[in-house]
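Below you will find one chain, with nothing else, as C-alpha cells; this is the form predicted on its own, and questions on how it binds or moves follow later.
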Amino acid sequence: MNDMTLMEKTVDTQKIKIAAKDVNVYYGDSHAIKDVNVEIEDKTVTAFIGPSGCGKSTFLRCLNRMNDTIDICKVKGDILLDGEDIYDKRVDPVQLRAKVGMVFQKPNPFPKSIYDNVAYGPRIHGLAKNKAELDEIVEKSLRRGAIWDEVKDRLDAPGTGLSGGQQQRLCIARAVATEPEVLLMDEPCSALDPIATAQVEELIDELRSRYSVVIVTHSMQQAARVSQKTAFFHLGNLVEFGLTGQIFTNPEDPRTESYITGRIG
C-alpha cells in the first residue's frame, strides 16, 4: 500500500504539460467529443483507451491541430500547452507540430533515404547550421528511435525498404528529430507483429524520460504495460481518467469496468 501511495505522490508532482478544458469536437452535425477536461503530465505515458469510434483518436488529433486539415471539423474549448492556447490565431500549426510530434497507426516513412526521412524536419525548421550538425541530429534521433545500430551502415537506402517494425521506429526517430516536447502515438503497434510491438513498447518506456507521451491503443494489455495514466473514452465522453493501475483494477465508473471486463467494446 505504501508503495502505491509513494507512486501516487510521485505522479502528482509531475508538471502539467497539456491541459484541455471543455473541449468539444464536431464533424458537421455529428458531436464527436463532448466536454472533455483532462490534464496530461510531462514525462509520463498517458494511454487513451475505449471502443472503436469512441473519440480517442479524434481527441488525440486535437492536441497538435491535425483536425485543422478536415474542413467539416470544428474544435471548441481550450487546449493549453505549457499554459499557452494552441488554437490561438498567432500559433503556427507547423511550428506546433514540431513541438508536438505524431506517429501514426501505419508506418509512413517518406519515399526518401533513411537519412533524409530523419533530416527532413530539422532541415525545414532550420535546426542545423551545417551538414555536421545535421549528421549529429540524425544519429541522435535514430538512437532515440532505437534503430541506429540496424541502419547506420545504410543511411542512403530507402526508408520504405525497412521491415514494418523498423519503419515505425524510423517514424519515431523522425518525430523526435525536431526536438518535440510531446509525442502523440495513434495505435503505433496495430500494424506490427508481436516482436516489433514489444520493441516499440520498450522504446515508449525509454522515451518517457524525455517527453510527454500520449498513446491511443486498442489493446488494454498494452495500455497496462506502457502507461502511468489512462483515460477511458466512450461515445465521445471522457468517462474516467486516473492512474493506470487504479483504472484497471478498481475503476470508479461502471462503464469503465464493463469495458475492461469485456462487456462493452
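Since we're looking at a predicted model, the values are computed, not measured. In case it trips you up, residue 1 is the first one in the sequence shown, and so on.
Separately, the form predicted together with a small molecule exists; it is not shown, and the next lines address it.
>> Quick check on residue 52: any heavy atom within 4.5 Å of the small molecule in the model of the complex?
In response: Yes, residue 52 is a contact residue.
>> Even though the partner isn't displayed, in the model of the complex is residue 222 close enough to the small molecule, meaning a heavy atom within 4.5 Å?
In response: Taking the distances in the model of the complex, the answer for residue 222 is no, it never comes within 4.5 Å of the small molecule.
> Does at least one non-hydrogen atom of residue 32 fall within 4.5 angstroms of the small molecule in the model of the complex?
Replying inline: It does: once the small molecule is placed as it appears in the model of the complex, residue 32 has a heavy atom within 4.5 Å of it.
> Quick one: does residue 46 come within 4.5 Å of the small molecule in the model of the complex, counting heavy atoms only?
Replying inline: No, residue 46 stays farther than 4.5 Å from the small molecule in the model of the complex.
> Which single stretch, out of 167-175, 141-149, 67-75, 90-98, brings residue heavy atoms within 4.5 Å of the small molecule in the model of the complex?
Replying inline: Only one stretch passes the 4.5 Å heavy-atom test: 67-75.
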